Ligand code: ARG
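Single chain ahead, written as structure tokens, the form predicted alone.
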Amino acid sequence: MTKNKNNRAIWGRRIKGTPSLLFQKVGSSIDIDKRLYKQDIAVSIAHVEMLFKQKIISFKVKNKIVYGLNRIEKEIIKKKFEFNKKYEDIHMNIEKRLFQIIGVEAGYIHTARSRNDQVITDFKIWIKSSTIEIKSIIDKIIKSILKLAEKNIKTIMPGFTHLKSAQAISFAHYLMAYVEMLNRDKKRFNDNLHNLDENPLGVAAISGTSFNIDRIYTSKKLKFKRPTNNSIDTISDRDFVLDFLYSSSVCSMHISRIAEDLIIWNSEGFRLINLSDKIVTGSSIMPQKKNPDLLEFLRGKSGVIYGNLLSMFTILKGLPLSYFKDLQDDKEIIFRSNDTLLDCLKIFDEIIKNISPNKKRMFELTNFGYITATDLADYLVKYHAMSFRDAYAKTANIVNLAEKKRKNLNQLTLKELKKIEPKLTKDVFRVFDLNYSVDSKKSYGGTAFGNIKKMIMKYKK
């Protein structure tokens, strides 16, 4: 093996002198992109196998390169690989080590490719893998929510608009709203998988290559549906990064909104849920405190993930085509969002498993806010041939009467009700029953008990 021949930056023959230490520091991305080592090795193996298939390199060279790459992967896994900032990134660190292992034949590995197409291919494969992991954890959370919902189909609580009691609902129905949000998150991540399923490998630096390569072959080997269509667009494209960051932002927003719900419901003013000691913390000065710190963590981290999306938008907004050093930051941004979102999802699943409804308090709170008023208006429309606006006005007068007498609607006498609407009979009192109120909302997507059971079964399947 030629001593020190490949022990310097690849452009060392063109750029004279040694780069400043500051330049080496800011120019190196190895501390970030070493996470791509598995993808980089897989891409390189597919590439050299294609080069051999196309008779661009020999069988002997191909085998030596594949042997060397597999050995490097084992070294990295066993933490026996030395990452060197002098070689900038994961791609050159691996290539330099390959020279040390197999000698000059390592020089064939970069035939008909550039780091430009290499890194995008690595990155797309990494995002694919991470997206699948995120979807798997979302599925776990949905199962946890379904389990809690199934136990609480007939747990009645007030539904809120403007944080004011609005109408009676099932607690399970409220939980199922979270399932819908998370399913939309899954769909967004699924769409991302479809959109990024194009193989960048083979477009080289910007214009493609004059070698007779087979991009269909590498696409199949790397499990992409097809190769990309335009070499310039391929090198400059980071839409798949934005898609991942946007989906992560929406998912974190949903988690934050749910966390806010649970923080409010756990507060002394509401007391609608109890949090297990596993998911609360204490105070350094107030011995009685049990704080929902994990929920606050979830709420706060959404801002971090939003910031990463905005950072990537800002980097891209002024970039001409095609590759620029600015794009190097995409990996750190993605890794930060990915790690934060994974933490949030795992914590959220733990929280769902450690909350319980305060059923008595939920029912008590339905006595405030005249939450069966809409049921009364609907009753007047259905059974006394009124328009909804007339029924609304009559109901508002009945609510005013109840408020004046400091009674709930079901505490008014028939005589008092008849003063406002003479047609009413004792049959009207059934609309004030909370179970009747909840179970009457049988329209598709409504809170009726039967609807909820069907929806839970649908998602369990």
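Throughout, we count residues from 1 along the sequence that is shown. Owing to the predicted nature of the structure, the values given are computational and were not obtained by experimental measurement.
The form predicted together with this ligand is left out here; the points below concern that form.
Task: Listed range touching this ligand, judged in the predicted bound form by heavy atoms within 4.5 Å, from 193 to 201, 327 to 335, 148 to 156, 286 to 294 - done: Of the stretches listed, the one contacting the partner is 327 to 335.
Task: Any non-hydrogen atom of residue 91 within 4.5 angstroms of this ligand in the predicted bound form - done: So residue 91 counts as contacting this ligand.
- [ ] Tell me, yes or no, whether residue 219 is in contact with this ligand in the predicted bound form, where a contact means a heavy atom of each within 4.5 Å.
- [x] Residue 219: no contact with this ligand in the predicted bound form.
- [ ] Check whether residue 395 has any heavy atom within 4.5 Å of a heavy atom of this ligand in the predicted bound form, and answer yes or no.
- [x] No, residue 395 sits far enough from this ligand in the predicted bound form that none of its heavy atoms falls within 4.5 Å.
Task: Non-hydrogen atom contact residue 245 with this ligand in the predicted bound form at 4.5 angstroms - done: Although this ligand is absent here, residue 245 would stay clear of it in the predicted bound form, with no heavy atoms inside 4.5 Å.
Open item on the list: Whether 29, 116 and 119 jointly form a contact site for this ligand in the predicted bound form is the question; each needs a heavy atom within 4.5 Å.
Closed with: Yes, because 29, 116 and 119 each have a heavy atom that approaches this ligand to within 4.5 Å in the predicted bound form.
Task: Contacting member of 160, 370, 83, 323, with respect to this ligand in the predicted bound form [4.5 Å, heavy atom] - done: Contact with this ligand in the predicted bound form is made by 323 alone.
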